[in-house]
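Presented below, as structure tokens, is a lone chain in the form predicted alone.
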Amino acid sequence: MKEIAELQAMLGRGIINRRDFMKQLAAWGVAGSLASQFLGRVVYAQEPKRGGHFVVGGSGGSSVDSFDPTTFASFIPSFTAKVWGNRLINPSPEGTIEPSLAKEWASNDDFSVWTLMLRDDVEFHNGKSFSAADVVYSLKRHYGPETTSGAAGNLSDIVDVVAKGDHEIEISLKKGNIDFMYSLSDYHLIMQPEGSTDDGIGTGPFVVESVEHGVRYTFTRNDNYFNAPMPYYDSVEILTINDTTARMAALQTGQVHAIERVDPKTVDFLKQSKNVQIVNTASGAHYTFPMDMSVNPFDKPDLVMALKLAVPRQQMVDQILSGYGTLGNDEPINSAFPLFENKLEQRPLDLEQAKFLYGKSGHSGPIILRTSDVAFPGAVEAAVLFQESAAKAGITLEIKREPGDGYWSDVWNVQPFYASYWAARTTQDQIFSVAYRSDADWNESRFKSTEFDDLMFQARVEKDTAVRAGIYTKMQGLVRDQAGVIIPMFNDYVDAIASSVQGYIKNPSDSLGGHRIAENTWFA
């Protein structure tokens, strides 16, 4: 059976684990001794070997990008940071968290004080030993009234971070948070030496060699990397290729070895190449159309709801995702999250009600919707589908196609209505804190709800998982019905990598193995 052979190849290369292998066989009706036979015939990838120059092609790069972790808002700077830097905590392939620069942690009884023990064998690229003082400095760049970091929402309840010796820190919170350690896996929280801002000096697997923001980055192997024997490549190069077709062509011609954000409509075509393997990872990542409810006309609840009811969700899933994702319901939580209850009724396409509410809002004239190829694969097409559907309800959407360079600095979280995307988070609290809490800097729709905020604080100290799940469902309902965010679909991460790349590990936290493909893969 061809499908089983492909599944065996994926297990052998580390793209899936044994549990997923057996689970998929069971879904196909293959179980027991027969399944064990197929497992026993798996040919595993060769042992890792060193050498080679690994090249990645990615989107979302801009000339205004920086190595300053507080500024990260798109793939290129975020991915690049995992090449030169590390976090205290990493999202794990199993959807939880695992140690990185912090090797263990514990909290007090009410989860308001957390103690972290740090590794004592780590050096920054400039030769400085990694210490608690660097962690205190790095974290303080991401919280407090002066920060503009995208991680501020996750860290906003920190009272203080103090060193308790050279390799121990204590973090005090205003209120307890049972999931706080997950917050430290935020992709912005790269540890830097005390006093560093945007120089790219980190503890990561590779050392910065050259930088041309928005164009090209090169790195050489860090031979003092604490996570030896990784990395395996001699050098890494990252190219900004914002155009989807150009990224695909670069992979096919061997210019790059891996690309992210493959357009699902092109997957079947890419699969025809013997030198390319497609890896899709289900996750909580999602595409959005946020509306700034603090400005006209989105300060009119009837108009906001009219637009939500005019979205052709199923058509978007079918045409944009081509099976690599699921239907969205204007809530940022799906089955990829723990404690998801799936109790909220699916919002339908209701053009008649949309037309009624739009008329009731009193607004007239076109509504500008900004989009770009870098917003998400198929974002321009999705905007057109939305425009055509809304027109049937008497709503005129004027699509403005924006250039990729500068989209994440000049359009996202700046303009009142645009296409956007959110990378996966590991817990409900993470996405709620950074994108929907009333005072969150990345609250795209300026959604403000005291009830929502209070529920979030309740959930953080609730030890009964069933009760917490119920609280999260209430919060999802508030977002679904009151926030100015349209979430039409959840997307799989669809990556394409050269067949010569071995050791790939899927990670639901982000594309290209949670952005760690350069660290843990090697060439056959």
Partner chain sequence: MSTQLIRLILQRVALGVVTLFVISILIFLSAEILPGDVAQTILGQSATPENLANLRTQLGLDKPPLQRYMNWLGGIVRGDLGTSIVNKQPVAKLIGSRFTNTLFLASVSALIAVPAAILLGLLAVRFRDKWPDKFISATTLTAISLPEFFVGYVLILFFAIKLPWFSSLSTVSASMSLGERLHAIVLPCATLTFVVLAHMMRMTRAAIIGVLSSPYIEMAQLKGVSPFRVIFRHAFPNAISPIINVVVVNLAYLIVGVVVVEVIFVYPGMGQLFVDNVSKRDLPVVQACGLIFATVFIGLNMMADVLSIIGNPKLRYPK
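Only a predicted model underlies this, so the values are computations on that prediction, with no experimental measurement involved. Residue numbers count along the first chain shown, from 1.
One more form of this protein should be noted, the form predicted together with its partner chain, which is absent from this view; the next part is about it.
> Each of 78, 123 and 128 within 4.5 Å of its partner chain in the model of the complex, by any heavy atom, yes or no?
No: none of 78, 123 and 128 comes within 4.5 Å of its partner chain in the model of the complex.
> Any idea which of 341-349, 147-155, 129-137, 354-362 reaches within 4.5 Å of its partner chain in the model of the complex, heavy atoms considered?
That would be stretch 147-155.
> Using heavy atoms and a 4.5 Å limit, would one call residue 213 a contact residue for its partner chain in the model of the complex?
Because a heavy atom of residue 213 falls inside 4.5 Å of its partner chain in the model of the complex, the answer is yes.
> Evaluate residue 99 for contact with its partner chain in the model of the complex, applying a 4.5 angstroms cut-off between non-hydrogen atoms, and reply yes or no.
Flag for residue 99 set to no.
> Does its partner chain get within 4.5 angstroms of any non-hydrogen atom of residue 327 in the model of the complex?
No, residue 327 sits far enough from its partner chain in the model of the complex that none of its heavy atoms falls within 4.5 Å.
> Is residue 159 close to its partner chain in the model of the complex, meaning a heavy atom pair under 4.5 Å apart or at it?
So residue 159 does not count as contacting its partner chain.
> Which one, 452, 417, 226, 442, lies within 4.5 Å of its partner chain in the model of the complex by heavy atoms?
Comparing distances to its partner chain in the model of the complex, the residue within 4.5 Å is 442.
> Looking at 222, 90, 242, 196, which has any heavy atom no more than 4.5 Å from its partner chain in the model of the complex?
Among 222, 90, 242, 196, a heavy atom within 4.5 Å of its partner chain in the model of the complex occurs only for 242.
> Are there residues in 402-423 with a heavy atom within 4.5 Å of its partner chain in the model of the complex, and which are they, in order?
Those in contact are 405, 406, 408, 409, 410, 412, 420, 421.
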